[in-house]
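One chain comes next, on its own, written as structure tokens: the form predicted on its own.
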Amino acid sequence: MARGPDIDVPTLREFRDIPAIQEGAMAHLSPFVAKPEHQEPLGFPGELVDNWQEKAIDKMGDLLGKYRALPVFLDSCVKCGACTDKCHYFLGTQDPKNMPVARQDLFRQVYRRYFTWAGKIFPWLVGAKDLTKEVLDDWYKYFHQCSECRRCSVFCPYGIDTAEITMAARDIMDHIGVGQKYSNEIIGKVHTIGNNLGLPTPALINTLEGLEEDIEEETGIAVRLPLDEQGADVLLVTPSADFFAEPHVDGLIGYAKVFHQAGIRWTVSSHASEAANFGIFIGSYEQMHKVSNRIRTAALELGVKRVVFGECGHAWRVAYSFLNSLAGPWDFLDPKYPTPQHICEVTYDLIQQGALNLDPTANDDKVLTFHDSCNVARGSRMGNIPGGQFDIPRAVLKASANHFVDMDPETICEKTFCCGGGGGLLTDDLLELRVKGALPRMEALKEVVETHGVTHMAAICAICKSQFSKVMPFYGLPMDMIVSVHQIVSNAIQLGTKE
């Protein structure tokens, strides 16, 4: 079981104590800076502009005026410490600047210096700082050691959303020419090709045809995975990882089987084959709009009745929270369906209607648990009841498998720990951070492995699945332990019995 690079992997702890502080423990780590060819297509300067201080302060003022919550978050912190031990990156790295309050302060210090009376007159009295190159370097390092998971906000008595501050800092840095290569390069691929991976239409056609052949060879049933099919009932928008990588592709096969058995005509669009929206990671609503609008264009051109999102955490957060405002109106779709819908909602509803024939004994070789992905858990909902984002995926799993247990209640649902790779950090230049950030989730998983014999952990987020596949071996767990929810459905569905 290959572990990859030599990283000082944190030791799994029996008791989750607050770790001792290691000042500057992660000061050496930052992601690759975007090159001009990654910046300029997004409308950002190709490199650090000459008057970057002035531009950064102007942009900060613009954001403070545009988003009313931002100055409230900056003004309301009382340094109570409730968030201190809630961040997986602080727990894994022990760097005090990865405490949510300390990361906020990197931004708050500059805000106070330029936008508050006390900071302008008595900066030393209120912790205000000039925006120097040293401060900018800290911004770039530590605002890219935040996955915008919002766990800290769940525990903050004032509801301060550190993710919004991280997004604002990244947006400012982009506008002065200091963007992150990973996120900005990916957004550019979506604008020009239609998906994060830059898969052209012929590659998509070949992939989908190959999967059709695989399903028929395995089951003897011809299941279609259509592309650009006019007049389909459903436009499926799914993360591009579903087209090529394990365990994601097994989830895509599961979607196809569900649609097939339920008799639902569906299609993927080559124009908008990507559900993920990295615009949220860089804090750019302009980029979020451009990516989202591709989906609306595809839905109109194909004449579909509803839009369904596949297993992707931040894609669902953007869709659930912003799709109607960013890319609406959607009045051309069938009003009896919500816009958007999650694939888990679709499958759950079909199970409730008796439209699917599932044999849970097909997964009797597995004892499952479920990882609540951050953006689904703390930034969205499913179905028409509060908490549906927690109950619906679990109900789908329990209908498809006989053996399921939850992890420690302090580590799931709204209190879930991040996988460690979200927020635009799923890049190997940050592998050390990703491994250390995964510590709390690995501890909770190891606990149910040892006490309940858990063999597999299911997730409904492409980033989570990719992250766990990479970091599990560092903690002595097999990389194929992570599975898609619809991979479990795919195993259980009995094709040829309901169609």
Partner chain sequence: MGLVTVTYALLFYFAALVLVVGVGAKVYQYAKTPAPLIIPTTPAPTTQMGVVFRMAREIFLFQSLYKANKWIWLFGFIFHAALVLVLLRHFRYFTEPVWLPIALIQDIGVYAGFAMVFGLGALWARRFLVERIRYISGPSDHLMLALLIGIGLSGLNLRFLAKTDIIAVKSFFLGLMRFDWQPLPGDFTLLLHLGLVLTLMIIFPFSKLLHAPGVFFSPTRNQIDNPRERRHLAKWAAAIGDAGKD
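Remember, predicted model here, so these are calculated numbers, not experimental data. Positions refer to the first chain, counted from 1.
What comes next is about the form predicted together with its partner chain, which is not displayed.
Trainee: Among the candidate residues 409, 386, 200, 263, which is the single one with a non-hydrogen atom no more than 4.5 Å from its partner chain in the predicted bound form?
Mentor: The residue in contact is 386.
Trainee: Just one of 76, 357, 219, 402 has a heavy atom within 4.5 Å of its partner chain in the predicted bound form. Which one?
Mentor: The option sitting close enough to the partner is 76.
Trainee: Suppose contact means a heavy atom within 4.5 Å; in the predicted bound form, does that hold for all of 32, 205 and 394 with its partner chain?
Mentor: No, the whole trio is out of contact, none within 4.5 Å by any heavy atom.
Trainee: Quick check on residue 164: any heavy atom within 4.5 Å of its partner chain in the predicted bound form?
Mentor: Result yes; residue 164 sits at the interface with its partner chain in the predicted bound form.
Trainee: Does the 4.5 Å heavy atom contact test between residue 259 and its partner chain in the predicted bound form come out positive?
Mentor: Outside the cut-off, so no.
Trainee: Can any non-hydrogen atom of residue 332 be found within 4.5 angstroms of its partner chain in the predicted bound form?
Mentor: Heavy-atom contact with its partner chain at 4.5 Å: absent for residue 332.
Trainee: Although its partner chain is absent from this view, report whether residue 305 comes within 4.5 Å of it in the predicted bound form, heavy atoms only.
Mentor: No, residue 305 sits far enough from its partner chain in the predicted bound form that none of its heavy atoms falls within 4.5 Å.
Trainee: I need the one stretch from 37-45, 59-67, 465-473, 436-444 whose residues put non-hydrogen atoms within 4.5 angstroms of its partner chain in the predicted bound form.
Mentor: Of the options, only 59-67 has residues within 4.5 Å of the partner.
Trainee: Under the 4.5 Å heavy atom criterion, name the residues of 67-101 that approach its partner chain in the predicted bound form, in sequence order.
Mentor: Heavy-atom contacts to its partner chain in the predicted bound form: 67, 68, 69, 71, 72, 73, 75, 76, 77, 78, 79, 80, 81, 82, 84, 85, 86, 90, 96, 97, 99, 101.
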